[in-house]
Ligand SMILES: Nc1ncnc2c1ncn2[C@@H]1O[C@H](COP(=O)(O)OP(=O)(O)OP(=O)(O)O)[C@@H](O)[C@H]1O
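Just one chain follows, in the form predicted alone, and it is written as structure tokens.
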Amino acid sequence: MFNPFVINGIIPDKYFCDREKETEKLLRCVRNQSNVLLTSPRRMGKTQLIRHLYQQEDICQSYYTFYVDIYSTTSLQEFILLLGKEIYNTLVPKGKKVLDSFLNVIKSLSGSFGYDALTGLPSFDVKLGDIRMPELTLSEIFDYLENADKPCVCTIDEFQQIGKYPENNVEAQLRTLVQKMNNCRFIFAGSDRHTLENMFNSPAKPFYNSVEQMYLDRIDKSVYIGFMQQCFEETGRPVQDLTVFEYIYDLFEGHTYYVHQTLHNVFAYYDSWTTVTETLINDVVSEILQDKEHSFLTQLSLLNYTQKETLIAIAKDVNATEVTSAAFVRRHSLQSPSAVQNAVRTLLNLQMITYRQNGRTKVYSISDRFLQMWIARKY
């Protein structure tokens, strides 16, 4: 039986929960030729929202759509390699004429990709060392996007990574290219909210005031619970006690991925004669945490003592405030406010923790909700 709680690949519309307003806003921005900054906590569903956008009839029929995640990149050359490969792979199924329009523009890499001499099939064999003139190649890629036979939508996920590249003025180079585009709309996405908002809201930054901004928050509780109930009922597995759905929503504070992952596993174990209870939910979560324990231990092993004890303290509070106060330091037996401040800075850079503003107060939490639960149980 098909599991309605899809956690990998593209989610069919039938099993895509809500996000109607967000989808409509993104559609409106594309139609109105506006670029967008889309931020959210990690695992809140921004990638699936973008994929959902790309499946909308207005988009998939009228636009070329590209998506590249640059989280793992460390240089402009890597960025160019991923972007070029994504465009190439997207155009290959469109036919030789469409692909040739791209090949003919990217002259700086003409010897590294195109068609295999023996088979005549499309071949992409670009390596980092082949990108000897990154500024030129990047300009050529943007020339293609501007002159493609269809308008384009290009998503660059984890866009904050460009700020860490060793090359000078990457932000300025990209901003110069982007602002000249009429045929391509860009969605700049990421989970490092404070870095991204600084990039786009600081007057000293090249991308200042250049996009419409969206923040992807949790799905409304009543809507999500209704979706959960519908999924179980339509697959012939109705749940009698609906407070179970409320329990799982509250357990993860509505954080999309963790709710979906748990329900995905529950659905796999659940049958017509099994009652879904809070006990079953907790058993499934415990199994997930056990499966992830080796990964969690590896993550903690990369931290020094102060960083680790600060992470543990935030995990125990779940939503931690005033983390450099004497009260917080004393309650968790930490070294000192200054040591905590340095540890928090590192943990934010590693994206192991995140924060949201509650008025003037920063509320810190562990980025990975499963990691938070595991730490709270382990320590």
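All values reported here derive from a predicted model rather than from experimental measurement. We number the residues from 1 along the sequence you see.
What comes next is about the form predicted in complex with the named molecule, which is not displayed.
Residue contact check for T346: none of its heavy atoms lie within 4.5 Å of the named molecule in the predicted bound form.
Contact annotation for T73: none of its heavy atoms lies within 4.5 Å of the named molecule in the predicted bound form. The named molecule is not shown here, but in the predicted bound form it comes within 4.5 Å of a heavy atom of S191. Residue contact with the named molecule in the predicted bound form: R185 places no heavy atom within 4.5 Å of it. Contact annotation for the candidate site: F16, R43 and T47 all lie close to the named molecule in the predicted bound form (heavy atom within 4.5 Å). For the named molecule in the predicted bound form, the listed stretch (292-300, 129-137, 95-103, 256-264) containing residues with heavy atoms inside 4.5 Å is 256-264.
Note on contacts: among V153, L81, I219, V170, the single residue with a heavy atom within 4.5 Å of the named molecule in the predicted bound form is I219.
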